[in-house]
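Only one chain is shown below, in structure tokens, and it's the form predicted on its own.
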Amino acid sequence: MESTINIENVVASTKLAEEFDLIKIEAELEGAEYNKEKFPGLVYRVKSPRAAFLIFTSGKVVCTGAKNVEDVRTVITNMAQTLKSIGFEDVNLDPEIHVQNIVASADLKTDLNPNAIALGLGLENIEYEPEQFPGLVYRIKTPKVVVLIFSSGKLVVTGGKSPEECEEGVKIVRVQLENLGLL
């Protein structure tokens, strides 16, 4: 009963320059939003591949909303070239990109008993308060990911730095549930 993950969001950061004039970027890029009173960064969305950027005066950039790590590299490279084209000469066109978080989903394709899982996996490893939130929160130490387990058999994995870490988190949950006879 293999379950494959679906990457829902990749968050990555990089540094494209020593500093940016966000007012100039807002003026030059259609759709860019900058309101210093509300948020210290400029927000800019791109359509293909779909992603959003938070650009800061420090030259740091956060990219969110991409569906895979390859798209992150593509949109950040495109963003760097766009910034260079509007007059930012010192933009790094080949920056070091750091994946901060990947959110993925998976489906075990069977209904689960959250109470039995909470007891089976050990209450010290699980947060489960059904009055507060319908899923179990399972923190895995290696890889360092959090897996939300729902009674529908659906899983959400967060905190992974690579798709492989997310996949491993799902595999660990599946094996543990099989060993407990709960899958």
Partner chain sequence: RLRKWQRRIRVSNATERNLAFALSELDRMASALGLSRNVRETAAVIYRKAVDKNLIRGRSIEGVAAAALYAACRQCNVPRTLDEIAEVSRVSRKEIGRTYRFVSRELALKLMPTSPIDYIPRFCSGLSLKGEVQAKGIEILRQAAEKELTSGRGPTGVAAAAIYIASILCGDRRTQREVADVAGVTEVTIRNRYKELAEELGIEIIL
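Residue numbers count along the first chain shown, from 1. Note that the structure is predicted; figures quoted are calculated from it, not measured.
There is another form of the same protein, the form predicted in complex with the partner chain; it is not shown, and what comes next is about it.
Colleague: Would the partner chain be touched by all three of I23, E33 and P40 in the predicted bound form, meaning a heavy atom each within 4.5 Å?
Modeller: No: no residue has a heavy atom within 4.5 Å of the partner.
Colleague: With heavy atoms only and a cut-off of 4.5 Å, decide whether P114 touches the partner chain in the predicted bound form.
Modeller: Contact with the partner chain, yes.
Colleague: Taking heavy atoms and a 4.5 Å cut-off, does E28 contact the partner chain in the predicted bound form?
Modeller: It does not: once the partner chain is placed as it appears in the predicted bound form, E28 has no heavy atom within 4.5 Å of it.
Colleague: Closest heavy atom of L119 to the partner chain in the predicted bound form, within 4.5 Å or not?
Modeller: Taking the distances in the predicted bound form, the answer for L119 is yes, it comes within 4.5 Å of the partner chain.
Colleague: Y44 versus the partner chain, in the predicted bound form: is there a non-hydrogen atom within 4.5 Å?
Modeller: No, no contact at 4.5 Å.
Colleague: At 4.5 Å between heavy atoms, only one of the stretches 46-54, 153-161, 64-72, 129-137 reaches the partner chain in the predicted bound form; which one is it?
Modeller: Looking at the other structure, the answer is 129-137.
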